[in-house]
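In structure tokens, the next block holds one chain alone, the form predicted alone.
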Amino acid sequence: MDIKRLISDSVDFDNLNAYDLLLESSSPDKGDYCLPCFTLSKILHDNPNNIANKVNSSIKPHKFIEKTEVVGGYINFFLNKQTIAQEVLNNFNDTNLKLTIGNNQTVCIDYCSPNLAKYLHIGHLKTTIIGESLARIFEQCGYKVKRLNFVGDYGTPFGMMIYGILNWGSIEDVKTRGNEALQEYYVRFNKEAAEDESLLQSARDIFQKIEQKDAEIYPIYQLILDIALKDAKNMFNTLGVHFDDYRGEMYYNQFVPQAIELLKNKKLLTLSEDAQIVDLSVYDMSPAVILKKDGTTLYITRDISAIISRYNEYKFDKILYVTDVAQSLHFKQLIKIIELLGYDYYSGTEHVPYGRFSLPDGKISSRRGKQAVLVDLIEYIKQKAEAVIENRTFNIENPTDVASKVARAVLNFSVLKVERTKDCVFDIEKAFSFDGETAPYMQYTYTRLESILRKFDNDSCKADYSCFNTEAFSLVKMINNFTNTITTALAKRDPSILANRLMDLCKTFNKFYVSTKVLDGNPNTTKAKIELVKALKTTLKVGFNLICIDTLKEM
């Protein structure tokens, strides 16, 4: 129900479009919504208070509006809480939160994109969780979503690993110890290459053999990819994330010659210092280097071939790239080049940049060893969750499962609660608190709703909504407006809007719970409050899923 629309439709004054002027009131004593008349003063050549009185006189009676009042140039609207609550809560279910604005259009979302030569580290977390949350939000809004993971399976780092295997280790060691062995070789190579730069040329030579599918080297490369991708998939599963497509740089490299031929045919390539570039200076951008002077390709070369191939396969209406803000220029160049090639889908191509996410310890570098590696971070968080669960004063049926879901929620919410483009530092200790704005606080609120509903056994009586206080009606309004929250998060490509509104819902419910006895012994008022609890539970369940948080029945 669009309450703002109902209010604005009741205003019948000189073709005034009241909808855009209406605001939620700052406090209950000023009503539920207000209409400021200051912007009308210049148009109507009258003072705001007089205009407010005239507009107020034009308002038609409506069952949802209890009264209006004029105060200092504002019209304050007081809603009929009982009627609104009954309208919103009767027959509320998860279909109320399912949207169709996507009209079954296809959206491809490219996120995570780890370099398989390295451990997944905390730097991959933000792209992965923001990307997954956006995928779920798009699906909730009626889009078909393809989750793409453009894995880094190409380049000199694989030559470094293979050099380590051939000179310091063995294939058997890699098969036995998996990614642990590969990372040891990678770290050792970088340490020794710092002293002996000739090693870098050896790694480049090995990578060239990979490209040539050398009979000895290529099978080792495939083994590395199998081990690294399996390890990455296990990590994604731990995070509650899945992908439809894991094809990376090596796969799309086969389409590079066609992409370069297209650029040549459109006369977009020019020679600069023996490199082939697309000159974008007329668009206030630095040149995009397509081929270096030695003929090797770059990221943008492979991204051009990838987007063309993806469109041919998926016929997407939109494609989003969720990456670090530092890559903004790269994607501006990519989108402009796709436009210059004459492909209409450039207009549906978006870069969704995000700020950095880090631990208090500082920068992340896989070359210095396993600093801020995700597998270690998640294990540490899970151990902390298990310790918290053990200290609870009651038994939990499956404490290991609960601890895993709490740990995942802690990590995911820490990413999503912060505005997408802002940098943030993950404070692990604070994130586990059951007080304050944390994932465990939200999950515990949900378990409280579950507990209340388990105790209610009289569903046949009629709900009496006259018992609703300020907090109860605030919850009704937030539940009613939750689809607007979803669409705003979609439009701004920012899950933090959802995360913070869900936190507001939890905090408001807990205020209501402290001030109000839900199971009060009166069947009719209890039923009203139970309907509110049911609607809130449905809203939180849908909302939690959209921000990658598991619901729990107990914790």
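Note that residue numbering follows the sequence shown and begins at 1. Here the structure is a predicted model, which means the values were calculated and not measured.
This next part talks about the form predicted in complex with a small molecule, which is not shown.
Interface residue among Y446, F158, Y321, Y465 relative to the small molecule in the predicted complex, by the heavy atom within 4.5 Å criterion: Y321.
For the options S202, S113, S404, N253, the one in contact with the small molecule in the predicted complex, meaning a heavy atom within 4.5 Å, is S113. Not displayed here, the small molecule is approached by D303 to within 4.5 Å at the level of heavy atoms in the predicted complex.
Under a 4.5 angstroms non-hydrogen atom cutoff, the small molecule in the predicted complex has Q327 among its neighbouring residues. Proximity of F331 to the small molecule in the predicted complex: non-hydrogen atoms within 4.5 Å are present.
The small molecule is not shown here, but in the predicted complex it comes within 4.5 Å of a heavy atom of Y299. Picking from 105 to 113, 425 to 433, 264 to 272, 89 to 97 the stretch near the small molecule in the predicted complex, with a 4.5 Å limit on heavy atoms, gives 105 to 113.
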